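Only one chain is included here, represented as structure tokens and corresponding to the form predicted alone.
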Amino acid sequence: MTAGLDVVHVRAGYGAVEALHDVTLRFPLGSVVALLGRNGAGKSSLLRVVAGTLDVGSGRVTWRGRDITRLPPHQRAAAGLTVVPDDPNVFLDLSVAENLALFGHGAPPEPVYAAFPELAGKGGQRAGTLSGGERQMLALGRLLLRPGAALLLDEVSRGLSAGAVERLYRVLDDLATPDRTIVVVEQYQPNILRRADLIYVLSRGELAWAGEPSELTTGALPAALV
């Protein structure tokens, strides 16, 4: 695996509260990485640091060897980072079709409707009136319309039915290529563990465990997940 996305000795937080304490994680190109941990472990904060929506107090973020620590979010997106954040992750006052047009820069929306038929026929409906699961499907439309070389997905299956989760992971299977990094934030989820090359577990803003899926299936769960 080659160099991709690196978070190096990062400290970050909200005002006087530090959420990440000297965290170093490496997400190589060609890898699918599961980022696990309980609520409040720092998973979403780490993705916000990578996306550029949470400032770094110290440390750095690099992408393909380039330091992007001080780049604004839109420049990171232009460099190939596609982030599907936790709520809010769609434009609530815009219609489904308008959201997809923004996500895909005008690309035809049919791939999204094919993957998530629950949205078909709702192009004119305001996103704020959708169910939580439907909003999540809409947000995930980014992956189908304009996937970058680094995909970062926060609480990816939140609100989705079992069938929609299966369809989502089929999309991720198709997107997993040697020139792409995929980072999936989940609670302890068999779906991502079956596909992951690497697993990181965060606890209270620190790296609590790192390894490969085989190490989880042959031994006890990390304490941070129990």
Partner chain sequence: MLTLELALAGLGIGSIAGLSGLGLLVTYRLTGVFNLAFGAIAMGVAYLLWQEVRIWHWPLALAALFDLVVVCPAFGVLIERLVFRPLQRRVATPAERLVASLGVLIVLLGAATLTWGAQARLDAPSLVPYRQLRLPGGAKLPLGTVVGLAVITVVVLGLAIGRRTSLGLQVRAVVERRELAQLQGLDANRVAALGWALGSTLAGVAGVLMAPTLRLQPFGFTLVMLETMAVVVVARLTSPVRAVVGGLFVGVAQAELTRVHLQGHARALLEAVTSNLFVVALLAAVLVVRRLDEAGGTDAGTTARLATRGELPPVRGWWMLAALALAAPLLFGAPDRRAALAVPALAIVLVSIVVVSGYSGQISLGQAGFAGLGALVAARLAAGTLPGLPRIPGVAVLVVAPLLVVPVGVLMGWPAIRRRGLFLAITTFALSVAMSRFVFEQPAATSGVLVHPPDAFGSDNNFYVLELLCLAVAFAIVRNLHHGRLGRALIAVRDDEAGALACGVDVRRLKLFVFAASSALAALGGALLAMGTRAFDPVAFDPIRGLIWFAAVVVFGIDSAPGAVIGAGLLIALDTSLPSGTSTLVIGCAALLLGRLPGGLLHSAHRLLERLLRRPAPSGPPPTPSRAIRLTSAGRAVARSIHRPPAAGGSAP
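Numbering follows the first chain given and starts at 1. Bear in mind that the values here come from a model prediction, so they are computed numbers and not experimental data.
Not on display, but discussed next: the form predicted together with the partner chain.
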| item | value |
| --- | --- |
| Of 197, 55, 67, 174, the one that lies within 4.5 Å of the partner chain in the model of the complex (heavy atoms) | 55 |
| Whether 85, 91 and 206 all lie within 4.5 angstroms of the partner chain in the model of the complex by heavy atom | yes |
| The partner chain contact at residue 51 in the model of the complex, heavy atom, 4.5 Å | yes |
| Partner proximity in the model of the complex: residue 110 to the partner chain, non-hydrogen atom cutoff 4.5 Å | no |
| Partner contact for residue 73 in the model of the complex: the partner chain, 4.5 angstroms, heavy atom | yes |
| Partner proximity in the model of the complex: residue 180 to the partner chain, non-hydrogen atom cutoff 4.5 Å | no |
| In the model of the complex, residues of 111-131 near the partner chain [heavy atom within 4.5 Å] | none |
